[in-house]
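Quick setup: one chain, the form predicted on its own, written in C-alpha cells, and binding and motion questions come after.
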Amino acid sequence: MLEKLQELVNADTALVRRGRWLTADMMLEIGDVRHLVKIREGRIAEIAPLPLLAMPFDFAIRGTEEAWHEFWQPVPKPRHHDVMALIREGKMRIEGDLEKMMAHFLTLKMMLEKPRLAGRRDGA
C-alpha cells in the first residue's frame, strides 16, 4: 500500500491545498520496516526506505504490520479505522515533534487513509 501513497496524495488537489503549510519528514514504521516520507508543502516529495543508521525525522508513526494491513483495508475492523484508535489499542505509537505533528494531524490522517479509499473505488 505504501507504494501507492505518494501518487494518491499528490493527485488529490484538495488534500494538497489543505496541507500546503505542512513540510516535514515523517518516519513510518510498518513492522520491522522503516520508511522516510518527505512531505513538502502538502505533497509527498519522496518515500524511501530508512537505512539501519537512523536518519533524522520530525516525527514517527510506528505500528505492527498487521495493524497497518488492517488500517488500509477498504472496510477496517472496529478500532482499526483510525491512527488514534490503533494507538489506544496499543498497536501503533507516535513520537518525535508531537507539536508539529498534532498541528497537522488531520491532514496526516487523511494522507494515510488514501490507500484505503483507493481500495474502495477499485472494488477491493
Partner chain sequence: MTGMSGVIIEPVTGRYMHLEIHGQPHRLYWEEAGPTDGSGIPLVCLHTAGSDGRQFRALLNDGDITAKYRVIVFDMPWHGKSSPPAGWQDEEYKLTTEKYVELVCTVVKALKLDRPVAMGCSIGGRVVLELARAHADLFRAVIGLQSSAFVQHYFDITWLHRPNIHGGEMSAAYCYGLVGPEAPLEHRWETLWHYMQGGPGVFKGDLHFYSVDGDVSGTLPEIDTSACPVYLLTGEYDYSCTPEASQLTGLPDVSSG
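Positions refer to the first chain, counted from 1. A quick note: this is a predicted structure, and the numbers were derived from the prediction, not measured.
There is another form of this protein, the form predicted in complex with its partner chain, and it is not shown here; the text below is about that form.
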Within 4.5 Å of its partner chain in the predicted complex by heavy atoms, the stretch out of 56-64, 26-34, 39-47, 76-84 is 76-84
Give a yes or no for M102: in the predicted complex, does one of its heavy atoms lie within 4.5 Å of a heavy atom belonging to its partner chain?
yes
Can any non-hydrogen atom of M110 be found within 4.5 angstroms of its partner chain in the predicted complex?
yes
In the predicted complex, L106 touching its partner chain (heavy atom, 4.5 Å):
yes
Going by a heavy atom distance of 4.5 Å, is R93 a contact of its partner chain in the predicted complex?
no
Residues from 4-20 in contact with its partner chain (non-hydrogen atom within 4.5 Å) in the predicted complex:
R18
